[in-house]
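The data below hold one chain only, encoded as structure tokens and taken in the form predicted alone.
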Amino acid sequence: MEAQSREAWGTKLGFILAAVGSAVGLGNMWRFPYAVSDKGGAAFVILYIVMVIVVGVPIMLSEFAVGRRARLSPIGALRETGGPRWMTLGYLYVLTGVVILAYYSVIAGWAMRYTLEALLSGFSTEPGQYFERSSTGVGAALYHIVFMGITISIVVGGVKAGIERVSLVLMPVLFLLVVGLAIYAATLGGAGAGYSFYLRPRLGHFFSASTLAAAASQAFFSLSLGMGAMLTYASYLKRDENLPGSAAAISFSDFGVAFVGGLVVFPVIFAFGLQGEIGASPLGALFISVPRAFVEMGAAGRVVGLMFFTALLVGALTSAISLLEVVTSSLIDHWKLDRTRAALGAGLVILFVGLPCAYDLNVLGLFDAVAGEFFLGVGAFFLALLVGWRAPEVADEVRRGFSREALIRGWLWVVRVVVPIILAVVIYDRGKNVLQTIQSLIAGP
């Protein structure tokens, strides 16, 4: 009965763009440039590509198969696939979506504020001080509230009339903005140094467990894996959709935006001699160094900056929609609420959970370390065990619309063996990072 009355995507393109929108977001232009600068330049980029292929695509395909087979949100889908005990993993997915969106919305609020600043008055000539003033406090909380309000209103509209309709408009806009910015960045004097930093491997980092874990973690965060977003979106799919083709298209579209984002950020920063600032923090490159470069550009910087932060805001919104949909869909399926009450209730809870992040960056950092890195690895690890060992019959769902049996068998063995090993390394490394974050928070300044 649930499957018969379930909402569905109107078109294949709508699903692809919505799923790409879930994947493409702040992770592409916020975390990715910082991770590249911190973990070995092109060495990290290469490892990231490897992690997308070896871990990202197999886990995305697993989420697609589980979601479409059960035609339920995470809690119900995992119960149907593995039995009642696996509902715990579904609850973890919902919790992860709540925590990530709680702090993600605060950062998206910053992007909204910078977009309006570029449009109305231009960027501050003291971007470091401006960021200190604007990143916390009442102003940050208000932008967080506005952003959550927009996200809630779209999810209330439903899968076809809300999420799909918005994705069909916003994703082409995002692609055009990012490509246009990359073309402009290529014209800047000194851009070559940025390309060199970005594309020249530092070979020592290839053999670092920390770099490997960071690349895998970035792949999960950027692709919206390990939190049930792709599982939920797949539950609205038609039975004849080619799941491997969709997973590949979404994964590489996401990587393409992240890669082109680097072709924007690094040439801009190096062209104005600001490269010493990009390793200071994950937020430094995006909200301090890049705006400083826009100020150095003069009048053109205001236009370029408006395009940049508009792209950032669009990506943040499409990702936030998918995070809220995970929680909303779970409330609809598991607790039998109607969509309006489910979206509004979930959105308000997330809004209040995120308020501490709007007043304290240390809390935001803790939320990111716990949910944005550690929980994602744990969620993906147990999904791999479920699909690979507990319920391999899920592979029958992948066979619908896809006839290459050798590739399906290869995917299943990668999920069984390779993915859990890599994810075990990631969980260990990210777990240490969580403990360090907690210790730093307890120790204080």
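If you're wondering where the values come from, they're calculated on a predicted model, not measured in any experiment. Numbers for residues come from their place in the sequence shown, where the first is 1.
Keep in mind that the form predicted in complex with a small molecule is missing from the display, and what follows is about it.
Interface residue among I107, L286, A229, V155, judged by heavy atoms within 4.5 Å of the small molecule in the model of the complex: A229. Proximity to the small molecule in the model of the complex, defined as a heavy atom within 4.5 Å, holds among A77, A102, A343, L323 only for L323.
Checking 287-295, 117-125, 214-222, 85-93 against the small molecule in the model of the complex, the stretch whose residues place heavy atoms within 4.5 Å of it is 214-222. Contact check for S319: a heavy atom falls within 4.5 Å of the small molecule in the model of the complex. L26 belongs to the set of residues with a heavy atom inside 4.5 Å of the small molecule in the model of the complex.
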